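First comes one chain, alone, set out as structure tokens in the form predicted alone.
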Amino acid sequence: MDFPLDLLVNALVSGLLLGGFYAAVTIGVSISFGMLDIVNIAHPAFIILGSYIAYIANSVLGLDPIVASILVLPGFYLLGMAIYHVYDVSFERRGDASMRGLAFFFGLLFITEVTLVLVFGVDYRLVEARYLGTTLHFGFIDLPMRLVVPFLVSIVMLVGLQLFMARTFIGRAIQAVAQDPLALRLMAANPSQIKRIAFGMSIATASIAGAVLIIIQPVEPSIGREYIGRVFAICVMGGLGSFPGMLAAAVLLGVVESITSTFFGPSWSPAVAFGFLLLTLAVRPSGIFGRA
């Protein structure tokens, strides 16, 4: 098959930008699953909650979705801390964090979806912003701002969290809490408190991820299910707990999906993308940046 150069380059650029969005969606799971070993399958539902809050702020107050997501970020952080407290008391301290804990997050997923359906219905919702209909042109390369803005926001969030994890005591404690809780106690750190902070951070990222999602496409309450498989696959493929690896995996997935959709049709995109993920994990089970 003949691949025109301009079409191929634009597919690569779109895939790169899409990968940035996938990184924003996955980063919260990278914290909860990759660092805390908590399988929070309800995370995409909180992302959709963030999308609807951005929609309300945009339609009622005229706020930019990104600005709205930053304003409500502390609320998402506190929500995450509260959810972890219930999870910790009810399951983790009793040693029931595997199956019963998974059922707990299943319940949160469906409760969040049903609540959104009851409040907003099943119609698709979208936001308005001056830059959404704008496309930058560099020769034959097109850069739609509805993808560029989420990409830039995702990179800023990723770099900020990476610096926090690498240069602060709490960040290093979060990375160590799942590996050696006893060592943390010897350093006068409470593992439960560190996990509560980390889980709060993971849910806080859903606020911003929800805003970038509704910038890219209209949303409805159940659309988060489309991303459950993707976010966990990207998290594992990048190497558990590795932000750079997660970003690399997200970009790879975005590029593969974009090229497949452009040249073979969107119906092939998920199958080829997940086949690529499986092939990569078969070659390197620890992930791209994971320890061999």
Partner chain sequence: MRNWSFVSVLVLVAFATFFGTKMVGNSYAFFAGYVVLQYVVLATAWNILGGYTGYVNFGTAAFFALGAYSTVVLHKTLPELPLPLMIAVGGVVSGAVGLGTGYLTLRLRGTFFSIATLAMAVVMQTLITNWSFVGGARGVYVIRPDESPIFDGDYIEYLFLLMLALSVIAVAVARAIEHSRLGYGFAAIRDDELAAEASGVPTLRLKLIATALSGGFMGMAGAPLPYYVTYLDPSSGFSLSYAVNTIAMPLIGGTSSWLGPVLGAVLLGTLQQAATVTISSALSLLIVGVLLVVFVIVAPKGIIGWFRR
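Bear in mind the structure is a predicted one, so any value in this text is a computation, not a measurement. Positions refer to the first chain, counted from 1. Just so we're on the same page, rigid core means the largest C-alpha set that superposes within 1.5 Å between forms.
Keep in mind that the form predicted together with its partner chain is missing from the display, and what follows is about it.
The partner is not drawn, yet in the model of the complex one stretch among 130-138, 109-117, 194-202, 145-153 has residues with heavy atoms inside 4.5 Å of its partner chain: 109-117. In summary, among the residues 176, 82, 126, 103, the only one with a non-hydrogen atom within 4.5 Å of its partner chain in the model of the complex is 103. Residue 236 is the only one of 251, 236, 35, 57 with a heavy atom lying within 4.5 Å of its partner chain in the model of the complex. Heavy atoms of residue 86 reach within 4.5 Å of its partner chain in the model of the complex, making it an interface residue. Within this chain, residue 11 is remote from the site of its partner chain in the model of the complex, having no heavy atom within 4.5 Å.
The closest heavy atom approach of residue 185 to its partner chain in the model of the complex falls outside 4.5 Å. When its partner chain is considered in the model of the complex, residue 232 lines it closely, a heavy atom lying within 4.5 Å.
Every residue of the trio 90, 268 and 281 has some heavy atom no more than 4.5 Å from its partner chain in the model of the complex. Residue 62 shows a C-alpha shift below 2 Å between the shown form and the other one [criterion: core-superposed Cα displacement of 2 Å].
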